Structure formats: C-alpha cells, structure tokens
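Below you will find one chain, with nothing else, as structure tokens; this is the form predicted on its own, and questions on how it binds or moves follow later.
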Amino acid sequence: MNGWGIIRGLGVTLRHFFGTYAEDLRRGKSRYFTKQGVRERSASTVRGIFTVQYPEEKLIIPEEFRYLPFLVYDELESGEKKIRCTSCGICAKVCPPQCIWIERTTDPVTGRPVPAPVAFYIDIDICMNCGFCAEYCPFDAIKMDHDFEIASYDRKAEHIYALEKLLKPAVYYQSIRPENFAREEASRMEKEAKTSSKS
C-alpha cells in the first residue's frame, strides 16, 4: 500500500547482488564453468547469483531426466549391431500422440514377419516425452535420452528420426543412466539364471 513491498523486493535483489561479489571473492573462478560450480549454484543454500550461463554452462541433468526416445542395440563380439527391437508395435500402440511408425521386416521367401524393424520413425515434434514407449517395451529396446539440444531450421529433414538416427549402443544407455542399467542387468541375469536352472 505504502511501498514496503517494493522496498522488501529490492532488498532481496540487493542482497543477491552483493552476495554474488562476496561469494566470488570467497570461492574464486571455480564457481563458474565447472561442474562443481554449477552444482553449488543449483543448491537451495546458494548465496548470490544462481543463474547458469547457458550454453557455456549447462545444468547437471538427473538420471531420471527424459527427453526423446532412442533404440538400444547390443554390440556383438563380431562387431555386428544386434537391435533389441522386435517390431512388436507395443510402443506405437501406447504412444498418446501416435508419433511412432514401425515397419516390420518380412522373410522374402516365406513372406512371414521377422522380429526386426525394417523401418522405425519417430516424429520428435509430436513426441511429448512421456516415456510410455520405454515403460511398456518388453525387450528394453527403447529408452529415453538426455539429449535436449535438437533445434534446427528444417523440420522435414531433421525432426523425423529414422532407424539409423534412433539407434544408440547399450554402452551409451549405461553412461546416461548407470543406476537403471545396473538394476536391469541384475534383473536380466536373475531371469536367465532361473530359466537355465529349470532346463
């Protein structure tokens, strides 16, 4: 009513302003452009400036962060890529905005379907990053990525991801989600141990 709200707000701004210089003198240059500096400025106890100077600095992405889906493949000892996807179509069925298209491989001799995709497309402009495709995939073949820097000038050329652009190795998945990968591998080994003990 009489301007105390504005004065209090300016007080908060001035406290952060002078706190920034105090923290810079105390911590030095390690406060900027280092992972530790970004982590400290992202904490709730930060004093002074807490903005991140993007794109030179980037926030540390938590493991559960999800952006666009990608397809996982295993690298065999021969160097061959073994795509986990069997083109079952579950991901396309559960996708709320229907942005996934799959074409299944067929045997040229018998004409019967082969459990591998010949084509796999995701329109990333339609994708809402919900993660249902990764959640429902029974083969751990589709996972959510951390790469969010996908801006481009040509939507038709760049924003419809085909099979080759979607494929990433299991090692990449392990690097962005180490805890999830460890849990999945432990579960997979447990299932294999059970099936081998039964037979």
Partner chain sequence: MLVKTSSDGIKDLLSRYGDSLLADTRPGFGGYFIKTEQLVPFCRSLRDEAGYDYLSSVTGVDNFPEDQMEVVYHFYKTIGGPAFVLKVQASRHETVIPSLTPLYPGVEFQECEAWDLLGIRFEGHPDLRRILMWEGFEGFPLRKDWREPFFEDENKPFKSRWPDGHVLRTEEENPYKNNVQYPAAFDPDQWIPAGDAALYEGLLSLTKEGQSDFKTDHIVVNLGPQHPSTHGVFRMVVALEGETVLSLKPVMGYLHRNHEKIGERNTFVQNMPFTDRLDYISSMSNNFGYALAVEKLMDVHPPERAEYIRVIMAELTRFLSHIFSIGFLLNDLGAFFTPALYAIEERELILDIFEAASGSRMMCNYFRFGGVVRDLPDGVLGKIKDLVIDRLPRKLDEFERYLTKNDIVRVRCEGVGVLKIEEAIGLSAAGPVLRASGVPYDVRKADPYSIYDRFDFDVAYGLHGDIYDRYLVRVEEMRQSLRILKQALRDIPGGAVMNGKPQYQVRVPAGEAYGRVEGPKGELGFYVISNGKPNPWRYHVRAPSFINLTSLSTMAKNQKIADVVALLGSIDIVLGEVDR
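Residue numbers count along the first chain shown, from 1. Between two forms, the rigid core is the largest collection of C-alphas that superpose within 1.5 Å. Computed from a predicted structure; not experimentally measured.
Absent from the display: the form predicted together with its partner chain. The rest refers to it.
Colleague: Is T13 close enough to touch its partner chain in the predicted complex, meaning at least one heavy atom pair within 4.5 Å?
Modeller: Answer yes; at least one heavy atom of T13 falls within 4.5 Å of its partner chain in the predicted complex.
Colleague: Would P115 count as a contact of its partner chain in the predicted complex, using a 4.5 angstroms cut-off between non-hydrogen atoms?
Modeller: No, P115 is distant from the partner.
Colleague: Just checking whether E103 would be counted as a contact of its partner chain in the predicted complex - the rule being heavy atoms within 4.5 angstroms.
Modeller: Flag for E103 set to yes.
Colleague: So, in the predicted complex, is Y136 in contact with its partner chain at a 4.5 angstroms heavy atom limit?
Modeller: Looking in the predicted complex, residue contacts with its partner chain include Y136, since a heavy atom lies within 4.5 Å.
Colleague: Could you run down 117 to 148 and flag each residue that has a heavy atom within 4.5 Å of its partner chain in the predicted complex?
Modeller: Contacting residues: Y121, D123, D125, M128, C130, F132, E135, Y136.
Colleague: Core-aligned, does G9 move its Cα 2 Å or more between the shown form and the other one?
Modeller: Yes: G9 shifts by at least 2 Å between the shown form and the other one.
Colleague: Please check if G79 moves between the shown form and the other one, taking a CA shift of 2 Å or more relative to the superposed core as movement.
Modeller: Shift at G79: below 2 Å after core fit.
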